[in-house]
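Single chain ahead, by itself, as structure tokens, in the form predicted alone.
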């Protein structure tokens, strides 16, 4: 039986349906799992963050197909990756696949050879997702060897600025803004004060705001901002029943400076 293929894109449901058509023709029903098709257009870093966290929850042996490809048809390489846990990744070599590949452990990388990977119809210069990546993912899911798809290659790393602690606090970046407007950072829970305390947060060069540190949203009144640990296991700034990203005018990639608020004596 074919392995499961996950599909992550920024191309919307109509274009994604074309990719799924290729996959289902080769794999049959029930083998394709949609992760997301409404990612911000061309947002490689945010898509890579989500793919890393969502893909890691799937069992070993899964084939992860990801298409966020602003350089389609250009110089970026089309690649497939074999991971140490038996999983495979397929997509553009623009940093998108790098975080999940490193998490799963890279065993081998090939540059897809178009003469060896052909789709069911004519190829478009602007839709490698359908015409190259999907056929390659289907072949891997059906048991093809990685080396049958192309020659050896190296993987392009995603440029990452790691969070760090300094004299003025913990400095990180916004990684994702979810459907509720919650601001997901790359800061670990250890950067936050204890639950029940206060934290001061500044986005970019903006004004600092003081937030209560809580476990769940319900611990503050509606319309109140708070700091908590997100389901990604990283620190999140939220606004109960509102959109924190809109309130604080925050975008993915913005810097976040976090520090504890010392309690006043007396």
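All of these numbers come straight from a predicted model, not from anything done at the bench. Numbering follows the first chain given and starts at 1.
Keep in mind that the form predicted together with another copy of the chain is not shown, yet the notes after this line are about it.
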Listed range touching another copy of the chain, judged in the predicted complex by heavy atoms within 4.5 Å, from 144 to 152, 172 to 180, 185 to 193, 159 to 167
172 to 180
Considering 197, 54, 209, 220, which brings a non-hydrogen atom within 4.5 Å of another copy of the chain in the predicted complex?
54
Just give me the single entry in 35, 213, 48, 201 that has a non-hydrogen atom within 4.5 angstroms of another copy of the chain in the predicted complex.
35
In the predicted complex, residue 257 touching another copy of the chain (heavy atom, 4.5 Å)
no
4.5 Å heavy atom contact, residue 25 and another copy of the chain in the predicted complex:
yes
When the contact criterion is heavy atoms within 4.5 Å, does residue 44 count as touching another copy of the chain in the predicted complex?
no
4.5 angstroms heavy atom contact with another copy of the chain in the predicted complex for residue 72
yes
Looking at another copy of the chain in the predicted complex, which residues in 102 to 135 have at least one heavy atom within 4.5 Å of it?
124, 125, 126, 127, 130
